[in-house]
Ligand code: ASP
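This document opens with one chain alone, in structure tokens, the form predicted alone.
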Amino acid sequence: MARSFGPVIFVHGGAGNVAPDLVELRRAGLRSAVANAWQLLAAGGCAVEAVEQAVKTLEDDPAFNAGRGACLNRDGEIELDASIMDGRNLAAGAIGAVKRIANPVTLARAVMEAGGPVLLVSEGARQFAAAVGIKECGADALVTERQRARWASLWEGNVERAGTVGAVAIDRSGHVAAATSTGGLPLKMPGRVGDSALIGCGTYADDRLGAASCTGDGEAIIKLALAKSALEFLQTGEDPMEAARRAVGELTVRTGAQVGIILLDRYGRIGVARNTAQMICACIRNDNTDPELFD
């Protein structure tokens, strides 16, 4: 099957119940993310650049659980996870449980481009960031009043799930990439690292298969290596929508956890599935600059 259309950028803003006052803010944020990434792709940029740009846009948007506006851990601090992968050569970079980094996806890309360890965490990631010139921000620069109030409410017994942001893309040369970024679970144990930092679990990209980014219960996603598993279903002849639904369906049966996934295959066809109430996504494809929204 030959790819017969232009590049594709597909972005998600996390699976779960979205607070009513955040729905339109997230839709607007996702439109901005795909528009920013599309400008790079339309100008001939590569898929890695596009997914980093899309995720950076969402990390800077306090309506999402990534970067500024991320949820707080048990100690009331923000610890961030992110990863990125280049389908051309399986290059990958990831960071976990990092503090005071405004755009963890950019740090993950720096790890990838350094060509050494794939995953750096906590103090090691902080030292690497300093070495490559990525500056720290203030301890409170990423904390919003909404998340402070939410943290206090959760201690009072209210239950609320957080999401994750991610992007997948294919460029004009047919190369794919994926990136994922998150603040993790509200009230998480300090030092906890979820699927968003683990290649094959929350993020995966391979030009022979496609690209995927996951969101939801990180522990369940890790156990089934959801991103890689979903892409492998494409090898059996399933189209991307079928592969996404099968992956989420199998995880649901085996774990009962709440998750979502976006993916695209090596021909640029997209797939999306969730078992949650909502997962707002946006896509630009077929050289049509008007974003498509999926709820």
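The numbering used is simple: start at 1 and walk along the sequence shown. These figures come from a predicted structure and were not determined experimentally.
We do not show the form predicted in complex with this ligand, though everything after this point is about it.
Stretch-level contact analysis of 177 to 185, 114 to 122, 139 to 147, 205 to 213 against this ligand in the predicted complex, using heavy atoms and a 4.5 Å limit, identifies 177 to 185. In the predicted complex, at least one heavy atom of Asp217 sits within 4.5 Å of this ligand. This ligand in the predicted complex comes within 4.5 Å of a heavy atom belonging to Arg192.
This ligand in the predicted complex is approached by Ser196, whose closest heavy atom lies within 4.5 angstroms of it. Looking at Ser83, you'd find every heavy atom of it more than 4.5 angstroms from this ligand in the predicted complex.
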